[in-house]
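The chain below stands alone and is given as structure tokens, in the form predicted alone.
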């Protein structure tokens, strides 16, 4: 391998490691500092996914043997991260986990409930829209 190409790949890997670590650090700080489960899921679902994806990019830049597997992993991370966060937030809402300092609650307004009251009953099927 040409030494110039190797140097460029090492610089790309270094930048991806720094950026990925910063994204992951911001995600962890969001998990610690944010007030409720909904905002914490936002930090985990958005920021940490891109941190992990950048770390995979760094690994591929240093060792290009698993390029196809790495691309599949990055795509799955980007698709699954927000979907999992949405599912967890939906489950938290249906079980009545309250929102802290909520400006509005569109789901409660649609169902005729006051702001941040959570579900009416413990039965999740009764909480589905008609």
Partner chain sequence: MDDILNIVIVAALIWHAALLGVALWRVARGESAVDRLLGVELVSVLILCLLVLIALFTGQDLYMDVALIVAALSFIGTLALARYLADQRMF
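Positions refer to the first chain, counted from 1. As the structure is a computational prediction, the values presented were derived from the model and not from experiment. The term rigid core refers to the maximal set of C-alpha atoms that superpose within 1.5 Å between the two forms.
Same protein, other form: the form predicted in complex with its partner chain, not shown, and the subject of what follows.
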**OP:** State yes or no: in the predicted bound form, is some non-hydrogen atom of residue 78 no more than 4.5 angstroms from a non-hydrogen atom of its partner chain?
**Re:** no
Original post:
Do residue 17 and its partner chain come within 4.5 Å of each other in the predicted bound form, heavy atoms counted?
Top reply: yes
Original post:
Is residue 99 close enough to touch its partner chain in the predicted bound form, meaning at least one heavy atom pair within 4.5 Å?
Top reply: no
Original post:
So, in the predicted bound form, is residue 5 in contact with its partner chain at a 4.5 angstroms heavy atom limit?
Top reply: no
Original post:
Which of the residues spanning 75-104 lie within 4.5 Å of its partner chain in the predicted bound form, based on heavy atoms?
Top reply: 76, 77, 80, 83, 84, 87, 88, 91, 92, 94, 95, 97
Subject >> Residue shift check between this form and the one not shown, rigid core fit, residue 42 Cα at least 2 Å >> reply: no
Original post:
Compared with this form, is the residue 25-residue 48 Cα separation smaller or larger in the predicted bound form, the difference being 3 Å or more?
Top reply: farther
